[in-house]
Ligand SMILES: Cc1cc2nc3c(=O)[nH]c(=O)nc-3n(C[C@H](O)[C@H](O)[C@H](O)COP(=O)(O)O)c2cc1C
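Okay, here we've got a single chain as structure tokens, the form predicted on its own, with questions on binding and movement later.
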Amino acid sequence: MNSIDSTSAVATANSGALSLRKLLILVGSPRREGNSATMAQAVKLGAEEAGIQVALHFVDDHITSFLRDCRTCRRADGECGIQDRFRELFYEQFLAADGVVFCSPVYWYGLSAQMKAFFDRTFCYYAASHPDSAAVMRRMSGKRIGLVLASEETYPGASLGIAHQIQEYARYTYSEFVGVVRGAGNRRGEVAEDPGGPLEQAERMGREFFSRKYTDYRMDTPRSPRVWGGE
């Protein structure tokens, strides 16, 4: 086999491996054509180009209620008593995914209420009072996590609290927080005019989502003296 054939074979093998990986893109914006949604579509495009299985969902299509007191509304069989489509989104999409990209506008220097509600509602299923909590916790863990944010202001600190929250969520669930993309825009779709190229960055995130290098060292972590290449 010559070098060209060998390279082609490796690329085909990599594409096949990626096609088995599932990426979920969750959009926490109420606007279907807003800047967060525009960036989410860019992530989806990049992932599809890489042969990754992708699903994109708007959180508010599935959630109609905030988390309640599980002690008062949990059903007799242990299931959540809130009547909406969150369980479908959580079990069929989130738990089944190998990676998740959270896409949200920056509202008052935090996630949108829709996206925050998604995180809060997971409690009902990993709490010890849920009959399947141990399995849920296992399936929540070990994913690749990405974050995409849209805000009107370009001030760097506007999104630091959100990035920290998602980073801590990733570490809590033994997941890998592989990157943040942030775009600036106010009017619908204006993020495309951001000279920093957030749409290109979002597309690249999708394309590289499962191949992007991730490291999170401790003092005693065995590692190479090189970051890129080498032994």
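Each residue number is its position in the shown sequence, starting from 1. As the structure is a computational prediction, the values presented were derived from the model and not from experiment.
This next part talks about the form predicted in complex with the ligand, which is not shown.
A.B. asks: Could you confirm whether residue 109 comes within 4.5 Å of the ligand in the predicted bound form, counting heavy atoms only?
C.D. replies: Yes, contact at 4.5 Å.
A.B. asks: Answer with yes or no whether residue 92 is in contact with the ligand in the predicted bound form, where contact means some heavy atom within 4.5 Å.
C.D. replies: Looking in the predicted bound form, residue contacts with the ligand do not include residue 92, since no heavy atom lies within 4.5 Å.
A.B. asks: Give a yes or no for residue 105: in the predicted bound form, does one of its heavy atoms lie within 4.5 Å of a heavy atom belonging to the ligand?
C.D. replies: Yes, residue 105 sits close enough to the ligand in the predicted bound form that at least one of its heavy atoms falls within 4.5 Å.
A.B. asks: State yes or no: in the predicted bound form, is some non-hydrogen atom of residue 65 no more than 4.5 angstroms from a non-hydrogen atom of the ligand?
C.D. replies: Residue-level check for residue 65: no, no contact with the ligand.
A.B. asks: Given that the partner is absent here, state which listed stretch (202 to 210, 172 to 180, 185 to 193, 41 to 49) has heavy atoms within 4.5 Å of the ligand in the predicted bound form.
C.D. replies: Selected range: 185 to 193.
A.B. asks: Quick one: from 132, 153, 120, 79, grab the residue that has a heavy atom within 4.5 Å of the ligand in the predicted bound form.
C.D. replies: By the 4.5 Å criterion, the partner-contacting residue is 153.
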